[in-house]
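Only one chain is included here, represented as structure tokens and corresponding to the form predicted on its own.
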């Protein structure tokens, strides 16, 4: 029978990250009177890793880890360039065994039990995690999970590279090393169709750790690496004795492990994306992460425990992608890129850049001095892969429109109208023509009642337009703003449970509408006059620029507030809105309404109803035809059936308002009801 234990906190794995978290929590008194368990199958009795980082003397990592630091370096040599003084930001070396032993002493002193088993399963129910091993079941309120991430489910556009290395801790017969200076990257070594370099950490005039490191899709072969190192050491430093060997592999990947879905299980270490993709450095990030965890526990804030994360800047993820792509696609360029980086930049600037603490201006200066062509090619491929193809097709449509307009304005207008009609038929109208299925209408009677309710709402709103057009217009703008914003935040996986988020959704949608209106101010004022029959919207040039500035600022604020840029949402929206500036109002509105809002909503419906596009379109087709019949009725009623002037557009927007009113209601209920 398996042993059962109930605890407050469980640490799965005692690698660097969990050791640092445990150390910080114990030393800051956050685990007093708590029941703790540790699961670690490895006894951690060997020096299996090397931890290095750079830091200024005033950084807390120096003070807190001072007992563990074995060596520090005051100067650096890179690729046979003149050595640089780094006394104001030394490079520090920690042996993994020293960290393990320090943690082991804390564990022993705190009388924390260690289970020398591997985790077989990790389950969660009713706020409690169940960690199952071969010999025990531990029930834990909170879990620190440092198991290595799985890269078996890499997405299509994710990049993965190995930073594999083999090192020899050697003792030479002569005093050949300067123990104050380390070599970070020396590319004067066989590249073997990869990016390879030597890395040397001296410990005394006679001893040093000398590694051969490879950035490549294929891991380095130890026998090959030992042969290379042996020849190098003999040639450069003379006869030597091998004291120890070190080997390993660090993942360099753009793949981001998602936060654990359970609110009391926190990913740590590589599983928490703490290793910088383009360098493989992670120890300093792990230390900073341990401080964040300690602060959260000290403040008593354990809500969204699983979401604790190290702050990051999205542009550095982009830089990492570019470098990894180059190293995968053109590995022979690694040597020239790194050599140029260290030759053209002060090491202090490089360290700041790798710590993601540089300004955008500094980064532009750095890239300006690097080989231009590979980064440009990588950037183009990045945008091609990551920006959805609909934005490319939208760009192509606008380019064709502009080209036609250069030769013939009327031909361009016909092309634009045709494109808008096709878009409305394919997704614009159909995405709202399946509302009855969103509400779970199952039999013929329920469908009939739903359609009757839908038609009544459309009819009532159309009557309101006839008698109170201004009120109807304002109502149309208000619910459209919320509807657009709600769809965008749903696409960004942002919950609208709070009043604040609902307000932000409204702000997002309103800023999009205002931006479209104020970038087509003359057309908008004319159509609004036709829709409301009241001349109240008269804005001059100064008002136009103010409207554009305010709406664009609001749009960017809300998108960045919800980190939509990291999912490439912001780029797509801005692209469509910018393209719209080059086209008439109806085309500009259609670019967003069809290319963004309707397309996203269509995907949401497909996902939630688990149905393909063709099957969903078949369901929507009868009601799409019905919508166009309603539009024809409105044109006949208003004597505008054959009109192609701005009255026609005014009636189109009134038609859109009428059919979207019930759609807004039912789509909101659909988003709110996550069980559908």
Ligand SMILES: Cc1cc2nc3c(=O)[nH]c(=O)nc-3n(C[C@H](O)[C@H](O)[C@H](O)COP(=O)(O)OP(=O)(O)OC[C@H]3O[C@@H](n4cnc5c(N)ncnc54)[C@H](O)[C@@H]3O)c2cc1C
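Because the structure is a prediction, the values reported are computed rather than measured. Residue numbers count along the first chain shown, from 1.
We do not show the form predicted in complex with the named molecule, though everything after this point is about it.
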The named molecule in the model of the complex: within 4.5 Å of a heavy atom of each of 429, 518 and 658?
no
In contact with the named molecule in the model of the complex (heavy atoms, 4.5 Å), from 407-415, 357-365, 328-336, 114-122, is stretch 114-122
Assert contact residue (the named molecule, in the model of the complex, non-hydrogen atom within 4.5 Å, options 42, 59, 64, 27) equals 42
Looking at 438, 252, 270, 228 here, can you tell me which has any non-hydrogen atom within 4.5 angstroms of the named molecule in the model of the complex?
270
How about residue 287 - does it come within 4.5 Å of the named molecule in the model of the complex, if we only consider non-hydrogen atoms?
no
Do residue 593 and the named molecule come within 4.5 Å of each other in the model of the complex, heavy atoms counted?
no
Just to confirm, residue 631 within 4.5 Å of the named molecule in the model of the complex by heavy atoms?
no
Does residue 215 make contact with the named molecule in the model of the complex, using a 4.5 Å heavy atom cut-off?
no
